[in-house]
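Below you'll find only one chain, the form predicted on its own, shown as structure tokens.
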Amino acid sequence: METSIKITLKNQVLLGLLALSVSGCSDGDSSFAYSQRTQSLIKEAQNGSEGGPGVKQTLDTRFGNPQQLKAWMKLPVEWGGSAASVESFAASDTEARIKFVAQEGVTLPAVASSVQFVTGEGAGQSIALTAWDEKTGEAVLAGVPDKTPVSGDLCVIDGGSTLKSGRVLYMRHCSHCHGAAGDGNGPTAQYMIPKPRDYRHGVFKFTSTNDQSKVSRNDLLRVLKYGIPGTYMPSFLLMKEDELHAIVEYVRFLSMRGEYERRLVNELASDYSETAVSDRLASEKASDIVEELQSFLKDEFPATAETLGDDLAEIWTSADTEDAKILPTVARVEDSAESRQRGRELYLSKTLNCADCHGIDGAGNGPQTVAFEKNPVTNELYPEAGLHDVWDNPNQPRNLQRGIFRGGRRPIDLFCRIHAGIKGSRMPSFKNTPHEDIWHIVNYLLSLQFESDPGTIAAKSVAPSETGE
């Protein structure tokens, strides 16, 4: 069931039964790049040994490669395809004809090239269509099925269409920067500052979801439509909605693949990385270490891999729920001189201390930009001063005086940045700050572009009667 792509259907009963094969077009790389951490494992942990799957085999089984995509049904990706049932089937010596009825709430596709049978004796079969009539649901099969379909058998027509489309569009518009595997290492990436996003962490900086949640579909769609100001990420606003949707789903697919790889490696790295094994050889035999690994890969690793998939599915699914959204509890405070002044006081306060990174005047020149930061993974200082993100790229705080906000300059965009932080960066979450105070800070930040002396307020004219004169 995990050897070919699986399509999410409205009828949840079918999910455990569906197995569909989908091929991509032939352009681009023939395989997904494995991470450096995967390649830091000993060969047996990478490739498997003695009947136990390693990291690479586990990944390939569930996700495939760019030319033969696979998908793990439990993951919350909209793969595409129309759920239907067989109404009638007739075969002769020369051809086989079949008629389908769409499942409730589903429409038959305008164009279809294949059908995958889900239930009945032919469950698991995938057969090409040589003719298709959207209006009647009638089709001509390219061949006679080994097992005869009967009325009521469930199937999926043109399964995986969204993922295939997303893959083609991604390779055409995105891979030259983000890479075929979503590793941020496309052929033009070396010339870019900042670097294109590496999706394999499953981390996206600009979201409308809380600090503990993944990026939502709407967040990704917004980035595609409007780009990221101040970077090389362009706007694709002129693309069709279904094309944008397909790219979003494919980017999610790549992100889940990369994050799943990281989680698999985490299960093995402490004992079976080349460095760990080298240290162990001081007191253990190489053959004993390999035998121990073989036992783990065969007896425990498959179940662990399933559990990791369950956890991944849960956190990505929850990102599109209402509970994940950042919703201000108070309406935006009126943008006034008093509000801006209050925002500046909060900005400079010891509690929030925004100036530590962004500078007293918001020019992105705070003291943290010249301090040497410690790498949380290696526990060693970075070779260059300043902040770094989770991709180990230099992370210069935003010069707020320019009025260019990469996550969007709408007041709600800035509210979300302050509330949730910027994921993957050193910008922390201030979710415990009263929402009214966050709005004051928003008003202050939006004023910096226009005020010659940021944060100051012109002296209020006072009538003589108010001064006692």
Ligand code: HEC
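All residue numbers refer to positions in the sequence shown, first residue = 1. Values in this document were obtained by computation on a predicted structure and should not be read as measured data.
Heads up, the form predicted together with the ligand isn't pictured, but that's what we're talking about next.
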Discussion item. Residue-level contact is defined here as any heavy atom of the residue lying within 4.5 Å of the ligand in the predicted complex; does P196 satisfy this criterion?
Written reply: yes
Fill in: Partner proximity in the predicted complex: I404 to the ligand, non-hydrogen atom cutoff 4.5 Å
yes
Worksheet item: Using 4.5 Å between non-hydrogen atoms, is W132 touching the ligand in the predicted complex?
Response: no
Item to complete: Examine K147 and determine whether its closest non-hydrogen atom to the ligand in the predicted complex is within 4.5 angstroms.
Response: no
Practice prompt. Just one of 136 to 144, 333 to 341, 355 to 363, 313 to 321 has residues with a heavy atom within 4.5 Å of the ligand in the predicted complex, so point it out.
Written response: 355 to 363
Worksheet item: Which listed residue (F63, W439, F32, F430) meets the criterion of a heavy atom within 4.5 Å of the ligand in the predicted complex?
Response: F430
Discussion item. Please identify the residue among L69, I42, I422, L59 with any heavy atom within 4.5 Å of the ligand in the predicted complex.
Written reply: I422
Item to complete: Would you mind checking 164 to 201 for residues with a heavy atom within 4.5 Å of the ligand in the predicted complex?
Response: H173, C174, H176, C177, H178, M192, P194, K195, P196, R197, Y199
